[in-house]
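Take a look at this single chain, the form predicted on its own, given in structure tokens.
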């Protein structure tokens, strides 16, 4: 018996998403290694790639004889066990985005998502991400071009507007629906807010009332309780989780436990150490499948995975002072041994 009421699934066209909880696309985070850890812990209905430059995809695509599941920069590399998986693109040129979407479809992705939400200055400067919220006619041209180019489910993610004086929630939702998209995701902040302030869940509820296609809510969901509150407050069809997943990959499983029983398991200290160690080992084994320096990734994820860990700050310091990947692994093993010895 379900203890907490929440949607069990949703559909983006032919794509069934079950459970109705989604991993958000996060630059520098949601590469194939991290996504497979999310899959390992279960409870996530669909995962998304890092957002990827449409110009980069088109300019570097190896053509029709390219190996399956590989694209430029490895941003769109994925393994078969990651399905269902959606690729997210960004850009501002309708034709280039349409061409990139065709490549995504050829690579076997289950869907393609368009990014109208990224607030990063260098992306916005090129009129990408949330910069496009200032040009809704261009948004419409982009959506029509991409929709005509692919047959796989097509969705988009956006923010509430450029700033508090230019909210475009309803307009964006209706444009997406009119252009034939199968779903939309809304981060309840403006571009001006970045990741500060609070996510306005009322805007997500407003979007849900304005369109008939599925709506995913995003922003300030850091616990299973937050997820259920968002469902109840907004009436959304699904919840998208970003930053919370980077520090607590168990959150998707916890949400399903909470829905089923009203309670959920929290990871032990040992499980947290083992997560960090296993992530590092997998990262080194699959370094050729991702972008960026393995050592840099290790230090980045030390910041994420040690959050809330007892003596986590000390472990972070040891890792950040390390000068090689082998040294990082040694530091984690040492700290785990020290922790287990004290607990004995």
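Since the model is a prediction, treat every value here as computed from it, not as a measurement. Numbering follows the first chain given and starts at 1.
Separately, the form predicted together with a small molecule exists; it is not shown, and the next lines address it.
Note on contacts: among 238, 219, 111, 91, the single residue with a heavy atom within 4.5 Å of the small molecule in the predicted complex is 219. Here is the short version: of 161, 131, 84, 242, the single residue with a heavy atom within 4.5 Å of the small molecule in the predicted complex is 242. Segments offered: 311-319, 287-295, 39-47, 25-33. Contacting the small molecule in the predicted complex at heavy atom distances within 4.5 Å is 25-33.
Among residues of the shown chain, residue 157 is one whose heavy atoms approach the small molecule to within 4.5 Å in the predicted complex. When the small molecule is considered in the predicted complex, residue 51 lines it closely, a heavy atom lying within 4.5 Å. In the predicted complex, no heavy atom of residue 191 sits within 4.5 Å of the small molecule. Within 4.5 Å of the small molecule in the predicted complex, a heavy atom is found for every one of 115, 187 and 195.
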